[in-house]
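The data below hold one chain only, encoded as C-alpha cells and taken in the form predicted on its own.
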C-alpha cells in the first residue's frame, strides 16, 4: 500500500519539477505562480476548483516576495503543487485541511528558496571550471553550462516536491484527525491571515509607485466585471 501511494506521487513530482524550473531557469512563463501551479496540481486528481482556492490563498503570501535581481525569495512553483494537492485531496469539510496545506506550502517554499541558493553556488563552481573554454567562445562549454544548470534545477524541483509530499501527506492526516474546531473557523483563520499579508504587500507597492493606484483600480474594475458576467 505504501509503495502504491508513493508511485501516485510521481506525477506531482514531475509537475513540481517543471514548475520549479519555470520559476527562474526556463521558460519563466508565470506557470509557477501559486494560482496557476496549485490549480494544475488539483487538476491532476480531478479537483481543479479546490486547487484554485488554495492557489488564491498562496498567491496572497507570494505577493509579499518580489523576485527581482539577486534577492533571495521563496520558490512558489513546487510549493504550490504541494499545497494544492494537500487541500485538493482532503475530504470536503475536513477541519484543518487548508491550514495544514498552507503551512506545508510555506515551509516547502522556504526550503525551495534555500535549495535555489545552493544550486546557484553549484552553478558558479561549474562556471569556474569552464571559464577558460567559455572565454574562448566554446559553444560546447556554454551549452554544457546552460543544459547542466537547467537539468539540475529540474531535478531540484522534482525532488523537493516529492519529498515534501512524502512528509506532509501523512502529517496532514495525523493533524486533521485531532482537530476539533469547525472547518469554517479553521478556513476563516487562513483566509484572514492570507488577506492581511496580501493587502499589506499591495499597499506597499501602491503607495510608493506612481500610477500604481490607477492600475489597481482598473484591475479591480476588470475583475469585478468578469465576475459579474459569469453570474
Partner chain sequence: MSSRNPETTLPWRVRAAILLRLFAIQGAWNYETMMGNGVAFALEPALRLLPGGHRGEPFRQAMTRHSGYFNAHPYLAAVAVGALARAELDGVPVSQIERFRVAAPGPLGSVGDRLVWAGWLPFSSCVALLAFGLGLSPGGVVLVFLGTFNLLHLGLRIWGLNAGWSQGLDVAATLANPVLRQAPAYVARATALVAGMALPVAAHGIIGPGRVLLGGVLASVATGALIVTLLHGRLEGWRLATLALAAFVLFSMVR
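Keep in mind that this is a model prediction, so the values were computed, not measured. Positions refer to the first chain, counted from 1. For clarity, a rigid core is taken as the largest C-alpha set superposing within 1.5 Å between two forms.
Below, we refer to the form predicted in complex with its partner chain, which is not included among the displayed structures.
Although the partner is absent here, residue 155 is not a contact residue: none of its heavy atoms lies within 4.5 angstroms of its partner chain in the predicted complex. The closest heavy atom approach of residue 219 to its partner chain in the predicted complex falls within 4.5 Å.
Contact annotation for residue 165: none of its heavy atoms lies within 4.5 Å of its partner chain in the predicted complex. Although the partner is absent here, residue 173 lies well away from its partner chain in the predicted complex, with no heavy atom inside 4.5 Å.
In sequence order, 24, 25, 26, 27, 28, 29, 30, 31, 33, 35, 36, 39 are the residues of 19-39 having a heavy atom within 4.5 Å of its partner chain in the predicted complex; the partner itself is omitted from this view. After superposing the rigid core, the Cα of residue 220 is displaced by 2 Å or more between the shown form and the other one. Annotation: Cα of residue 211 displaced by at least 2 Å between the shown form and the other one, core superposition. In summary, the C-alpha positions of residue 31 and residue 222 diverge in the predicted complex, ending up at least 3 angstroms farther from each other than in this conformation.
By 3 Å or more, the C-alpha separation between residue 224 and residue 195 shrinks in the predicted complex relative to the form shown here.
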